[in-house]
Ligand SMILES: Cc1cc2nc3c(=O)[nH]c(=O)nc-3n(C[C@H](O)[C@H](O)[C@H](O)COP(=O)(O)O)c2cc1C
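What follows is one chain in C-alpha cells, specifically the form predicted on its own.
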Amino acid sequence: MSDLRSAFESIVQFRRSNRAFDPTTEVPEDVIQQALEQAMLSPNSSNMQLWEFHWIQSPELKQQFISLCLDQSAAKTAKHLIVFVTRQDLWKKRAKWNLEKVQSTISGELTPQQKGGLQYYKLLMPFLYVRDVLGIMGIVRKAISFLMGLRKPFFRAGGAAFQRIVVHKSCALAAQTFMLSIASAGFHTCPMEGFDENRVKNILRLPGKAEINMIIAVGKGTEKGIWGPRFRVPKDEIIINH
C-alpha cells in the first residue's frame, strides 16, 4: 500500500499544466488509448456515463483546432488534442443500457440490489433527467425536494442548471483521470477552457444539447511551458476540519 501511495504522490507532483510541448517528441498512440480507457473508469453520477472523449488525430483537423483554441501555445504545439464533451441528451440511451445490465444479472428471485437497480433506472433516472420546453418538470423536482426535505434529509433535484452541473462534474472527473494517466506515462497535459465552443461543436458535428467540458492538449512538456513555480492557497484556508 505504501508503494501505491508513493507512486501516486509522484504522479500528482509530476502533473503540471504545460503550455509548450517539445516538437521532436511524439506521444505514442497507445498511451492516449490507455489513458482514455482509464478515464472511462472514472466515477460518474449514477453510472450514466454522459460523456464522450473526442480524440483529434487528423493533422488537418488539429490545425483547425489551433484557432478554435484561440491560438494558445498548448494547442499549437500539442501532439494530441482530446475534447471532453458532456452528452446530457443521451440520458435515455444510457438509462436503458444500465437497466439492461441490471436485468442481465437476474436469474431467479430478485435481490434487494436488483430490485433497487430496476427502480433506479426505470423511474428515478427519467424523473431526474426528463425536460420539457416550459421547464415544468424542473419546478416539480424542486417542489418535491423542498417538501420532502422539510421532514428529513432529501436529495435536492432541480432543473436544467442542476442537470448541467451533474454531467459536467462527472466529465471533469474523467478528464482528471486522463491527465493523471498521461502523467504516469511521463508525458504532460494542459487543460484548456479558452475555446470557441460553438465552432468546436460545429466542427465535431455535435448536437445542440452537447457541451464542451474542456479540451486537453497532450505532449512532452518543456521548461518554457511551465509558467513559474506551482503555488497554492495555504492549506488551512482550504482544508477545513470539523
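This is a predicted model, so every value here is computed, not measured. Note that residue numbering follows the sequence shown and begins at 1.
In what follows, reference is made to the form predicted in complex with the named molecule, a form of this protein that is not presented.
Colleague: In terms of non-hydrogen atoms within 4.5 angstroms, which of the given stretches 48-56, 187-195, 33-41, 201-209 touches the named molecule in the model of the complex?
Modeller: Partner-contacting stretch among the options: 187-195.
Colleague: Just to be sure I understand the contacts: of 214, 66, 183, 27, which is the one whose heavy atoms reach within 4.5 angstroms of the named molecule in the model of the complex?
Modeller: Looking at 214, 66, 183, 27 one by one, just 214 meets the 4.5 Å heavy-atom criterion.
Colleague: Given that the partner is absent here, does residue 220 sit within 4.5 Å of the named molecule in the model of the complex, heavy atoms only?
Modeller: The answer is no: residue 220 has no heavy atom within 4.5 Å of the named molecule.
Colleague: Given that the named molecule is not shown alongside this chain, does residue 72 nevertheless sit within 4.5 Å of it in the model of the complex, heavy atom to heavy atom?
Modeller: Yes, contact at 4.5 Å.
Colleague: Do residue 232 and the named molecule share at least one heavy atom pair within 4.5 Å in the model of the complex?
Modeller: Taking the distances in the model of the complex, the answer for residue 232 is yes, it comes within 4.5 Å of the named molecule.
Colleague: What I'd like checked is whether 84, 87 and 168 together line the named molecule in the model of the complex, meaning each has a non-hydrogen atom within 4.5 Å of it.
Modeller: No residue of the spot touches the named molecule in the model of the complex.
Colleague: Enumerate the residues of 3-34 that have a non-hydrogen atom within 4.5 Å of the named molecule in the model of the complex, in sequence order, or give none.
Modeller: The stretch 3-34, when checked against the named molecule in the model of the complex, contributes 15, 16, 17, 19 at the 4.5 Å heavy-atom cut-off.
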